[in-house]
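Quick setup: one chain, the form predicted on its own, written in structure tokens, and binding and motion questions come after.
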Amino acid sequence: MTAIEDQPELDTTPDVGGIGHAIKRQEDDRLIVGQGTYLDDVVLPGMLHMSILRAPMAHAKLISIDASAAEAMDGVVAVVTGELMAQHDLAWMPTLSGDTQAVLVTDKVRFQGQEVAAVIATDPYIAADALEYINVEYEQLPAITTPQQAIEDDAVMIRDEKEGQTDNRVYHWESGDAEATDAAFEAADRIVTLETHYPRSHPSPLETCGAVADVDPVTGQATIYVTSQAPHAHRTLFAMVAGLPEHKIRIISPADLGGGFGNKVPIYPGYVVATAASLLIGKPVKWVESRSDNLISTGFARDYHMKGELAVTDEGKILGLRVNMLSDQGAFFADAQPTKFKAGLFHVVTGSYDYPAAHVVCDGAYTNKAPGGVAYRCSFRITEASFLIERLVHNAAFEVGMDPAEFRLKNFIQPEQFPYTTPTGFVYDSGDYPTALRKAMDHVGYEALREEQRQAREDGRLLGIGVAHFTEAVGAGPSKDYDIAGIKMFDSAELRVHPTGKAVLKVGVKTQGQGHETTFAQIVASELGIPATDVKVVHGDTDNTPYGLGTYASRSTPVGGAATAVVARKLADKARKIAAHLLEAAEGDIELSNGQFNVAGSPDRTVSIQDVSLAAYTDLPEGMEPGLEGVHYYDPPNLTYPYGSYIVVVEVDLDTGEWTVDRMVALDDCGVRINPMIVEGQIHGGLTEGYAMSSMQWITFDEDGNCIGSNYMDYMIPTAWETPKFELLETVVPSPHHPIGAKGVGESPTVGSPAAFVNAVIDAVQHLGVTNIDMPVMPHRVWEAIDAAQSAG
């Protein structure tokens, strides 16, 4: 059993600013004054500009391309086609999921917005204008727009160029014990079923994707500035694609990457074409995609069609879970994906509950849509899994006549059961779910709300109370199970303390606005006592940081933060030896606290970390290597498992279906909080995204595969006006295997909140006969569901 506690006592003073201090973000000063550095800020001498011609239809044979008129324009340097790329063996590239993807179309178009050709020009506007003068002849083909259509026996093959591919299936994957699950269902009093679609959504980072490629024609050195969440992994993939020696490739992801949310993990054709163009022309080439291109063609998320069944007793005990999931992967299987898990970590779908059996069957299908499935603010498809189980649990409680919160408390994994192995093989590290939910219930006044709901119904009002409790799996990952394109998912930190006591920390993960430059410095501050403001954090440059797998799946603190803590402890060990030398004491008698080394029992005999840092270069014990620096590659022993209890109160208008949020209470347990203020900021952002997905965001396609939603008039981004107020709570159950007990938090609120919002709306109208409304829960859908239920009697 793991103890629940408040945030641990601070072990550093405010001037040091270690773990637990809500210090202001160091990176914000430059951002506030407009001095951030983004991809489009990169300007190189002699730089050319690239614009991409995209396919206007979703499925078509490519008949011909005539670029002569474009090539004749003043300022146009070259037009790159798939045929030209094929001449250099660059027509196709590997994806992070182990699939292949066309760089530029050579045979047929497979989704609207696919890259067909690129213009290289002296000016970005000339490059864009020249696209209009490229004549492309297509033969349009019928489009497949749903995975259900794609797996029909007579469906036209989308990936007919793939050797060995015989249909539109991307993968078939199973997890759990089918026989034990069948037995659980045979023993059940009731079987509760839910079919739902987690719709396609888009991460929509503030900065779109882009690249500036600079290949030196003499040395072959390639310096590629690129919007990347994983620079080192991208460098390795570039070497695989282009055949360039990896040591001659330098990837620089600009300091202030304007958001990622999974959208900047895949390799996009624009990166490759810009690099190839620079290689062929001998000049730097910049490509920055437009907002519409980003919305149409880059990594979508979700699009999971899910059927779940819960086997339960009349007393409300869950006996087993059965799930069938069909994902729409688009035309290429291109998202980041641990090789071992074809459906990502979707098999965490058993959730926060204790039952003996589960069986999960997952299939993926190619369709004529842009490649999708990126882990938009979640760990490899856990958002979808959490939504399914929390919607199922809500409906199961209604079926057996129990309160949804009581149902959860009855079925929770109990604190004494940790570490807990789920029926699908995850080993949850720690938690106290009942305390978390009860604390959220107490805060919101749950019993009084239920009474208010009963009274409201008598008055003809529709009040809904939505409960959701999620468990996420983050920190990918232990190398025994997790890899991307075969590369193990460890991460790294390199720390150097200079003679004056100032430090430089270089990390393999890459910030996208999460506050790494502050939180990672705070870890060093806690371990060594060097003030956080004296620690410079370097990231995003493959020539100047140790190898790492980057930032996504909430892995920065669980893996990169752990590497930072461990390398700082290595330096602390050496520093103790130096302190013992300076204090003429035994090393075993040296204590380190808040940057001060003293001899145990002799508080007056003390030297500071700054004294020791200077001595590391000037006054060392006999035989000790000079300097105070080190590097550590951290291979986590397990994932970490943050969790939370969310409660939403809504009121639904019976006549219009419109619903408004009265209250939203979010309790998160992410283990030890390094910077509480940054944690709360991440929770606010995640809750906003969860609210957006549940209420308004909808990427749709017509029957020809045309994307409806290529701008922010059609694809809604919530502003402060629409976003409800959030009430935040916390508990702290440290991760037992993480060096500082942290679990990660950036994705938790996006994982947990959609089910809470939808459950609240369903809770308001379930007594009218409504058991499900798919996201986004728009007013017309609510009204139609009520009308259908009432019409059915």
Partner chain sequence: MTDLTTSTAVTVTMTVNGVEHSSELDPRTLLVDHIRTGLGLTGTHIGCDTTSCGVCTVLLDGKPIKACTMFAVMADGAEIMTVEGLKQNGELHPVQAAFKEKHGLQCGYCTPAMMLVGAALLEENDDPGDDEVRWAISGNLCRCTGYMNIVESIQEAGAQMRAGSNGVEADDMELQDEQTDADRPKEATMQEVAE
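Residue numbers count along the first chain shown, from 1. Predicted model only: the values in this text are computed from it and were never measured.
Although it is not shown, the form predicted in complex with its partner chain is what the next lines describe.
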*Of Ser97, Gln512, Ser492, Ser352, the one that lies within 4.5 Å of its partner chain in the predicted bound form (heavy atoms)*: Gln512
_If the cut-off is 4.5 angstroms on heavy atoms, which of these, Thr298, Gln114, Gln682, Thr181, is the one near its partner chain in the predicted bound form?_
Gln682
_Among the candidate stretches 684-692, 623-631, 359-367, 325-333, which one is within 4.5 Å of its partner chain in the predicted bound form when only heavy atoms are counted?_
684-692
_Residues Asp28, Pro203 and Arg377 are flagged as a possible site; in the predicted bound form, is every one of them within 4.5 Å of its partner chain by some non-hydrogen atom?_
yes
_If we define contact as a non-hydrogen atom of the residue within 4.5 angstroms of the partner, is Lys488 a contact of its partner chain in the predicted bound form?_
no
*Should Gly36 be classed as touching its partner chain in the predicted bound form when contacts are defined as heavy atoms within 4.5 Å?*
yes
*Do Gln453 and its partner chain share at least one heavy atom pair within 4.5 Å in the predicted bound form?*
no
*Evaluate Ala102 for contact with its partner chain in the predicted bound form, applying a 4.5 angstroms cut-off between non-hydrogen atoms, and reply yes or no.*
no
*Heavy atoms within 4.5 Å of its partner chain in the predicted bound form is the criterion; list the residues of 663-681 that meet it.*
Met677, Ile678, Gly681
